[in-house]
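One chain comes next, on its own, written as structure tokens: the form predicted on its own.
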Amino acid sequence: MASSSRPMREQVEEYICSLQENIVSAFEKVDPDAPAFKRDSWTRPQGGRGLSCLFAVPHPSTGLAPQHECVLEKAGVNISIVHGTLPPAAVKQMRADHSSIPSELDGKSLPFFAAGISLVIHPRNPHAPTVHANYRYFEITEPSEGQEGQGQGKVIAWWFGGGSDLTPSYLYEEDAVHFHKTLKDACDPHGAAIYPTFKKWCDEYFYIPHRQESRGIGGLFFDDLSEEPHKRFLGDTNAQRPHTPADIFAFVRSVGDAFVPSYLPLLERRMHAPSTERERRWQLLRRGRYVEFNLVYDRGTKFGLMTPGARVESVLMSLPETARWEYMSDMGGDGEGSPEGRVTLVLKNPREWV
């Protein structure tokens, strides 16, 4: 299915391992006096492996806390490469989006392979935005005699998914423009419809219905991207996006490689900005909303927690170390009257940044 002689699963595995190391190294160079990311290698008993790279400042009670205030408060850059067997109910559900899965396979378990990188960065300074990104590949294969559950048979369905999005506590329009423009520049060579389609999808996905606001100021979000017709690309737009495995993987690499240049300049610009206790309070309130979305609505978190044998610590690494909830908080409700109100207006009314 790939133009390269190497199976796509091998190409994706190699890429996400390299991308993870590049991203972690970039953050470690930003704050060389901070503790290094902890690298936790693991194996999955049901099949597969992963590497979780986590950053957390030791609690003062441990006696190991650094003397200076670290740029990052909590961060994780994780990869997983797993395989196993999908139960019949999961196969049937996936057929709804992937017509290449033959109907005669309903009621059967099928081998699968999944590989991806997922990251969340929570800086300490209230003026530095939180960022999230993930890119993943999934394939289903026919059972192969003697290789049951190992995913070595013919590939019958495959797709890519992922995205990247920014969640500031305080709105700096030049930061929002830089983030979105960098992602758009990475998308445009692969099809004119990609950025506007996936930007709109991101605004819709990262929405908190019970708060009637978005989690952040958006970016990209996509799923189920393969050679099959896609419900997000209708009419003429279907010709303005990649279709082959090689072309879609090239697009994924382009946006994956754009992560560091899209975000690190923002972090470096804001990480030492003067801040007040009021601004820290607002940052923690916004992180409370981040927690609400991730635990109540995020499909990846819910899927991870329901997966047998899941590494719960890795699933929950996206949550901030500290968050805050206030009953009927008086912050953020005054519109243009305060910096908190201005960012709230944007969260309730998503904007086009580029």
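All values reported here derive from a predicted model rather than from experimental measurement. Quick note: we count residues from 1 along the sequence shown, nothing fancier.
Beyond the structure shown, there is the form predicted in complex with another copy of the chain, which is absent from this document and is the topic of what follows.
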Original post:
What is the one choice in Ala65, Ala323, Ala34, Ala26 with a heavy atom within 4.5 Å of another copy of the chain in the model of the complex?
Top reply: Ala323
Original post:
So in the model of the complex, does any heavy atom of Thr43 sit within 4.5 Å of another copy of the chain?
Top reply: no
**OP:** Could you confirm whether Glu173 comes within 4.5 Å of another copy of the chain in the model of the complex, counting heavy atoms only?
**Re:** no
Original post:
Would Lys154 count as a contact of another copy of the chain in the model of the complex, using a 4.5 angstroms cut-off between non-hydrogen atoms?
Top reply: no
**OP:** Please run the contact check for His210 against another copy of the chain in the model of the complex: heavy atoms, 4.5 angstroms, yes or no?
**Re:** yes
Subject >> Which of 114-122, 270-278, 177-185, 227-235 lines the interface with another copy of the chain in the model of the complex (heavy atom within 4.5 Å) >> reply: 270-278
Original post:
Since the partner is left out here, which residues of 66-85 would have a heavy atom within 4.5 Å of another copy of the chain in the model of the complex?
Top reply: Lys74
